[in-house]
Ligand code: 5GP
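Only one chain is shown below, in structure tokens, and it's the form predicted alone.
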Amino acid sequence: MNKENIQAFGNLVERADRILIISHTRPDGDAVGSLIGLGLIFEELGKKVNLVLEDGVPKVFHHLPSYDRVFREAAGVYDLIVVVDCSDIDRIGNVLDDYGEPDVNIDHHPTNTCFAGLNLVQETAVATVEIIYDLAVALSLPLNQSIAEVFLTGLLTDSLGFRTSNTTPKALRIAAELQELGADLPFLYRKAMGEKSLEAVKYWGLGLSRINLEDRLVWTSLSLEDRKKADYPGRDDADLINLLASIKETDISLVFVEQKNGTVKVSWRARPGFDVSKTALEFGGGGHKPAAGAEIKGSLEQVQEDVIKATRHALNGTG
């Protein structure tokens, strides 16, 4: 981000009174942390803020401050609309159907389509919360313990506990500064990454029962029937993809999650040296070299066949 963009963002915030903040469907820790953290900053400035996630806040993040103030729909008139942690506008769902183009897009995905009036995209950032923290520091915006807690959760979850290859000394310094503001690192790590519900573990079990490993590519699937059997409330894979990525005999991991709308949510993970974001882009998705996703129309069986074929090309260096 250059100084002009930072100041442009500051000017937009200063002029706004009523602000809408949105993030993507099936929100992760960075989406939730960016959304709530930016909202809390704006409220400290005296702004009226509406926080919206079409899928709501997952239960795994219900320990975070102000999680219960996030709505599923937008309502009213806004002076400023900000989208956080979204690589493209379609990822927010139908929230903006009645509002048009957002004013600001804050994100760290290399595949971001720059869909807003002002695009604050920094792909070197470990998480979107890092960009928002930088904006707060540069513009002397208020920070407190609650904001630190949601920001640190975003850093932890997107870096898998500071274990991803894009983790930087800067991200670790920010984590330390957030701790100094009162964020409890061990507690936040345990709540967001160490604990799993019984339903999530049952869901994992169903996926693991059909795991496949061939030529350093591992994959599995989760059907609508699996979700029903496990009584799992979410539409995601309960972070099963990160478990598959830990298998030492694999370079690329895949999880396919069947959705009710006739699509399949696909998650990729890759070891250093492989770029799964390009494969995700082929299917209308996006992300980072080591971690990407897409939602693809079609049956679970057909999507698996098509994606595995394309991913093998990436694995073999032919895609």
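All residue numbers refer to positions in the sequence shown, first residue = 1. Fair warning: this is a prediction, and the values are worked out from it, not measured in the lab.
Not pictured, yet referred to below: the form predicted together with the ligand.
Distance criterion of 4.5 Å from any heavy atom to the ligand in the predicted bound form singles out Gly286 from the list Gly39, Gly286, Gly29, Pro58. Of the candidates Leu64, Val49, Val52, Ala291, Ala291 is the one whose heavy atoms come within 4.5 Å of the ligand in the predicted bound form; the others do not. Per the 4.5 Å heavy atom criterion, the ligand in the predicted bound form is contacted by stretch 81-89, the sole one of 209-217, 133-141, 81-89, 223-231. Contact between Glu295 and the ligand in the predicted bound form is found at the 4.5 Å heavy atom cutoff. Contact check for Thr279: every heavy atom lies farther than 4.5 Å from the ligand in the predicted bound form. Heavy atoms of Ser267 reach within 4.5 Å of the ligand in the predicted bound form, making it an interface residue.
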